[in-house]
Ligand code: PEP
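Just one chain is shown here, as structure tokens, and it is the form predicted alone.
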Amino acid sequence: MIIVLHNTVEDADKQHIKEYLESRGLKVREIVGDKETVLGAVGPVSLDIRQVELLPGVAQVIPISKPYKLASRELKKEDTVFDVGPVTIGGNRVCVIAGPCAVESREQIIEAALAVKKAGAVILRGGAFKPRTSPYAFQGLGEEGCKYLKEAGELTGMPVVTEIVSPSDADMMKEYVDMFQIGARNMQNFELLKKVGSLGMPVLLKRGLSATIQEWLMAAEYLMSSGTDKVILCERGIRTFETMTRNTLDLSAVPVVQKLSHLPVIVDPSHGTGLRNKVLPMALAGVAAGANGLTIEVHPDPENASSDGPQSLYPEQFEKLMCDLETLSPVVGKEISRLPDKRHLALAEEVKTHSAAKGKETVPKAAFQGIHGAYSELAAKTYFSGSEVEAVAVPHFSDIFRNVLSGDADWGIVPLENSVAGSILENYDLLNRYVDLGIVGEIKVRIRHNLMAVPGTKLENIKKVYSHPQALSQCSDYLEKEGMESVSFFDTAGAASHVAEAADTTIAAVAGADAAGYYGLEILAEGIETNPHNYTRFAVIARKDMISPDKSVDKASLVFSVADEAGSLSSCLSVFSEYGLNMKKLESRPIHGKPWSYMFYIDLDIPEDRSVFDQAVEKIKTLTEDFRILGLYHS
């Protein structure tokens, strides 16, 4: 049953409710949502819900109709999001797990780990215990393989996952792994599920070869009722009459499960197809279907792999897949998960240490323009995912720069250009003005506009729609078709806040999904923008005295001016061609106080041989009047 508590419930009353339920043999779990707090109570005991409704602090009691109680979306409406080491799973992220089918040697798993980390994977996989159909096939290295896997994970900074096949190995393996995997053959090994669940660690649960979706969710229920609430469901193909692939990858299960359960769902196209040339298209299809991640088998030498060589990608194939995912993910409203930048984590620790020395406890802050629910806040949360950084709203773009310069914020999230509307010119001027600040990173965020209104609003009754003029323009085709009047507002999230406060069922707002959740609005139509290829590039800025040198950066932002004479700009640009530097962007801005004079902003790729870039910079300096590097960072 679900016990919905009053918003004003006292802690003592809440504790009394828990004790009452537990005394009657029920397991109780508290779930705190954006709008309400509920208690989930499950167990074999039958209890008259009227007795519970009479308890002080109880607003409502709702029976759960599904046989899987804790895993059901009836119990928890919001998606479950949790961390595996430094990696966040769930929500709008696409988490990529990669590595070989089996750990064959220390050298092999380290080579594989370095390759998948370089390409963009965030969790390392590799089998130490291999349940095989044939008793004569390679069965894995056992504990020795766990040790090698842990070493490779520590070397690359990636958390690790491996399959467990026996309950007796659980206590040993928990010392080596960050997440357990329950394989398809063990999905209904209930003693194993209970043991692994009791450890409270994250678990990746694969769907059985012939399991229905309900049986799969019931296996998750075993894990959750035993003690863990961090379960990832993995669709890895089911057995059908088809023989052209190893299994039949059931991608329809992804949206079905996401409607039934709040747990994250990922896809395993390697086992789902059994053939490496099928893995790439089915991986992309899995993300397009809404999966929260992928698990991909990658081997340094698939032809000589001890197991599953035909379905294992070569490292270069995995690199291509990651590039394709980078392109696809924003289109479907998702972001590729990345390992937290160690520079930011280190700076965050320095900030906390410095404040502790002064007798304060300060959480590092990232300033963004707007109010809560804005796309800029989404950019901040995505960029700093995995680290303890607070996103702080400020009213104006200039306030971002002032707050970072003064130390009130440690970083600033600054939008520079939108793929549809073009450059945000004010921020280019601010980058040039604040010489003590520099760019330390960037992030691209998919701008997915949604029509939202107060709950109960009917689409046909909406007369006016509020939003930022740019957002209204980007959704003009939809709004005109529906006969809705566009009303300009200062900000998309601000429009959502206004609609929520007005509580008028004839008005709506256009904003991001986060704004709907933050202000309690109901999304009536998703992705209403005319051009779906709509995203914004944000720069992350910090004080220069807080930026540590990093030789591994791959992008540079420069600004310079040239003499007012023929060929001066052309001479500078020819240097980039001479040194083979790829120019990503060129923007010009008038110089204040100098009519008809311009500053030129340029983004460049930095080659692996950093000296080439340094030589080009020295040459350009001789050809310009003013020259400054705005930032050297990871793209």
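Start at 1 with the first residue shown and count on from there. Quick caveat: nothing in here was measured; it's all calculated off a predicted structure.
Just so you know, the form predicted together with phosphoenolpyruvate exists too; it's not on screen, but the next bit is about it.
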| item | value |
| --- | --- |
| Listed residue that, although phosphoenolpyruvate is not shown, lies within 4.5 Å of it in the model of the complex (heavy atoms), from Q369, N450, Q181, S557 | Q181 |
| Sole residue of L437, C101, L141, M224 within 4.5 Å of phosphoenolpyruvate in the model of the complex, by heavy atom | C101 |
| Phosphoenolpyruvate contact in the model of the complex: R185, any heavy atom under 4.5 Å | yes |
| E335 within 4.5 Å of phosphoenolpyruvate in the model of the complex, heavy atoms | no |
| Partner proximity in the model of the complex: R236 to phosphoenolpyruvate, non-hydrogen atom cutoff 4.5 Å | yes |
| 4.5 Å heavy atom contact, H299 and phosphoenolpyruvate in the model of the complex | no |
| Residue stretch of 123-131, 248-256, 502-510, 519-527 approaching phosphoenolpyruvate in the model of the complex, non-hydrogen atom distance within 4.5 Å | 123-131 |
